[in-house]
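A lone chain, given as structure tokens: the form predicted alone.
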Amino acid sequence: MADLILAAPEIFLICAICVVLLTDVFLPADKTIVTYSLALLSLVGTAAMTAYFSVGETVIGFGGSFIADSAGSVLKTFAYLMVAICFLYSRDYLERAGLLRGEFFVLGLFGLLGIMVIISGHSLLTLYLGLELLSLSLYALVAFNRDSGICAEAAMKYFVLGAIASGTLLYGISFLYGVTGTVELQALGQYFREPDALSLPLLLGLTFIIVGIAFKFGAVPFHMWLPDVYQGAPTPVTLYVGSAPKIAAFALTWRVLADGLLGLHESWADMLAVLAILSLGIGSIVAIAQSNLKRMLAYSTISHVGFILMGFIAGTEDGLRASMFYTLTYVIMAAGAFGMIILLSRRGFEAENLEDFKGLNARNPWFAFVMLMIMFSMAGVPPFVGFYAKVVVLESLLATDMFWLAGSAVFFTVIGAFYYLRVVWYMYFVDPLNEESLEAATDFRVVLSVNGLALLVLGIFPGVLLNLCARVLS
């Protein structure tokens, strides 16, 4: 019974998904708004269960395969918030495009369940099961528009490469199990405390695991799926793929490397350093050549992944705190950026090119300012929260004397600022292509405005989120 209480949020969400799915089956096609409402209620109920059954200390259940802790509760809460924002931003878009179907919300909830399993996974197999549940949901979501050949192509690429990455990760897990005789993270952590634990099979297994993690993050050179999926998928799906699953990728890296394989830090830190530098370089440079905003944001994501990985490279509690802080701030920025693309889109028109943002200030000064806050935050301009996210990562690197890595990060950040500022230039210094007013529901406008202002407020008071990350990770 104690184990079931630990997993109460996951159990509640499973039951809620069944209710939403069965309700949607018997609803007329024009009543999908009921499914949307039930999906949001499911998120509220799951968040309430997480808050009610939260634990003040770390508790391990289900024979060592499930963990409940404060950090997991915070990550889950942010995941609920991101999925709720995704549903809210997507409703009007899907209705205009004739894609407002219950499957979108059901698949979104299934993906959230996979994220929750990853966050609470304390066994390599549990983490793998959560990862597959999330991945299968994302494959179906990318192909959600069945009449679009571009969506089908993107989904096929994602599925094939995702299957290879999942097999690679599972292969690495099998190596670790063959050498250590366990897949539980706590037992692995104890095994690798021995100074002579390192061996060639372990290094081989570790390499395969790093490859699997790098693919799920979208780190170079395993990033090839990211731009095609971001551009090919419907914008609401791109919003989903670019936000909540990044929390799961952080949790996967945290649980596997920081909890289970910390004793091999010197080995995997070198691998992550190569991935981080390549991600920062390729992401920042290639994004400059993009005229499609969704592809530009895809390469932007790749460069941000480099910063997240740098916190792990430090191998300290401050580094882990910096990575968690960066991940949470990034998903807020990504949600706002794709929300702006949805706002500018209309029936039969997808506002996914940079030129579509020309003269936005003349059409709607407020939402031009919201986009400015998002772009400045992503570029790392003070006083927005993106600046402090980069600073805390750099501080963790400098504290461990990794000056060359910190210098590389600063260099590529300066390069990356160009393509963010280019969007601002289009909005404020170029005449608009059309004078049409922006149409959106009131709740959409309010939430998008709050999303943008949150980047400024968190930048002025970064200690609120930073202290939260430090407290739950300690």
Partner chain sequence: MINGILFYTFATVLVFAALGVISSRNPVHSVLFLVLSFTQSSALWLLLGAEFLAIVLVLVYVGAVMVLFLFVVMMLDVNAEQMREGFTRYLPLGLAVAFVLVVEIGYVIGFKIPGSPFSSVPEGYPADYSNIKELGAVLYTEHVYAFELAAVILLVAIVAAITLTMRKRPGLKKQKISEQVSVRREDRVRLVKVEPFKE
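Residue numbers count along the first chain shown, from 1. In this text the structure is predicted, and so the values were computed from the model without any measurement.
Another form, the form predicted together with its partner chain, is not on view; read the next lines as being about it.
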### Query
Among L107, A84, L394, L328, which has at least one heavy atom within 4.5 Å of its partner chain in the predicted bound form?
L107
### Query
Which of these residues, F66, F412, Y36, F444, gets a heavy atom within 4.5 Å of its partner chain in the predicted bound form?
F66
## Note on the structure
Here the chain appears without its partner; judged in the predicted bound form, the stretch of 159-167, 243-251, 138-146, 308-316 with heavy atoms within 4.5 Å of its partner chain is 138-146
### Joint contact, E10, R101 and E132 to its partner chain in the predicted bound form, by non-hydrogen atom at 4.5 Å
yes
### Task
Answer yes if any heavy atom of S73 is within 4.5 Å of a heavy atom of its partner chain in the predicted bound form; otherwise answer no.
no
### Query
Even though its partner chain is not shown here, does V179 get within 4.5 Å of it in the predicted bound form, heavy atoms only?
no
### Task
May I ask you to state whether T126 is within 4.5 Å of its partner chain in the predicted bound form, using heavy atom distances?
yes
### Query
Is A368 close enough to its partner chain in the predicted bound form to count, meaning some heavy atom within 4.5 Å?
no
